[in-house]
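Okay, here we've got a single chain as structure tokens, the form predicted on its own, with questions on binding and movement later.
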Amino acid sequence: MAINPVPDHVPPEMVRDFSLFTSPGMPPTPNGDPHAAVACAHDGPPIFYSPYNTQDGRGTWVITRAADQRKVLQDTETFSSHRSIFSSILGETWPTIPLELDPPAHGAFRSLLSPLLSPKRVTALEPAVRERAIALIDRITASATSCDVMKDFAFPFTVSIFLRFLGLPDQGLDTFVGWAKDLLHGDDVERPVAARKIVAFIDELATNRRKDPVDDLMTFIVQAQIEGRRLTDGEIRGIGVLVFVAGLDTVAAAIGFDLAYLARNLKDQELLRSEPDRILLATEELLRAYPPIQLIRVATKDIDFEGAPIRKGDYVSCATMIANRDPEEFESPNTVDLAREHNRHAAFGYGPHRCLGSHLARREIVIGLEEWLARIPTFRIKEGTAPITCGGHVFGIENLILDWS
């Protein structure tokens, strides 16, 4: 892929050879640790310019300090969320909603959707979430003492919860996971093909729910009103695509990285197994250590931000995995301390766009770890195997073979 030239307004001394896509540890790597690899971002200036730091080859300013990221993410007038990351794959410009809307439109749509993912609603879902985790683990242990934890547990667990939320059966699970993998980690051919399939699926689902409403998210969306009017087809598509993509990869990846850590750190594994009350606090530290997302904003005007000459149209990267390794924010940031308290991590972002599904994601991770540790004895990465990790817009892990024989 061609890399865009560095803009003339960027001082040469602020350009750094760093990329969440191509730097060491970012391409698919056996036994990799991409989160530790990005900690090198803190070895230089607090803000620098990366010539290649998006899926489509654009350069971005990279904000390394957590406090500076919070300033960017809070300032929606200067740093816009509208960049059409999904639709641009198709050569189009419509936003995913509410993620890529700016105030005031963002607030109206977020208020519409927030009750669906509120702590109260998540609490009501919890028995089904736990039941699904137990069923999957019991199926694994009934016939094996090892498994590919992403294929056999993390994806079926998190994606089936999301599908239930969307009102869909589990039969399409493998197909949907395949689309998400191609979209988030595929090449220039695979990504647009996956994007078209997802859009066609969401459009068809919306059409079906208009004809035959049921008690699910898509029916709610097609019947909902904003400011006294029904949502347009484009708005319904924007919401549906966001919920679909957000539910398919990130939480499964988080569980995968967490179990990989515990497989390599048996003392912490046994501590959580023997004292499960610690899992709630430990989950916050694992979210700090292994967040999967890079957040991108677009400058709406020229601004000198903490010494960086950011110009209108520049892309600004607030990578959660970099903020969460900030030594000015966290003591010993590269050490995983499962008893860490007052953990102001950035895994779910910050400001008006803080992750709408954070309550559900957090409970899925906690319940997944609780039930895995309660039902699986001491586990390690199977000898002779190596998990494959990757960086990118969304960090990922696969081929994670755990063994407890």
Partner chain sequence: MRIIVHNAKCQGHARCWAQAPDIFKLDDDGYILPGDIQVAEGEQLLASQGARSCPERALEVDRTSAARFGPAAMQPRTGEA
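Predicted model only: the values in this text are computed from it and were never measured. Numbering follows the first chain given and starts at 1.
Omitted from view is the form predicted in complex with the partner chain, to which the following refers.
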- Non-hydrogen atom within 4.5 angstroms of the partner chain in the model of the complex for each of Arg70, Glu341 and Arg354: yes
- Message: Using a 4.5 Å heavy atom cut-off, which of 185 to 193, 116 to 124, 156 to 164, 80 to 88 contacts the partner chain in the model of the complex?
- Response: 116 to 124
- With the partner chain left out of view, which of Glu329, Asp152, Asp203, Asp268 would have a heavy atom within 4.5 Å of it in the model of the complex? Glu329
- If we test each of Thr232, Ser274, Gln74, Thr93 for a heavy atom within 4.5 Å of the partner chain in the model of the complex, the one that passes is Gln74
- Message: Check Arg264 for me: does it contact the partner chain in the model of the complex (non-hydrogen atoms, 4.5 angstroms)?
- Response: no
- Message: in the model of the complex, does Gly349 come within 4.5 Å of the partner chain, counting heavy atoms only?
- Response: yes
- Item | the partner chain contact in the model of the complex: His345, any heavy atom under 4.5 Å | yes
- Using 4.5 Å between non-hydrogen atoms, is Arg110 touching the partner chain in the model of the complex? yes
- Message: If you apply a 4.5 angstroms heavy atom cut-off, which residues in 262 to 293 are near the partner chain in the model of the complex?
- Response: Glu284
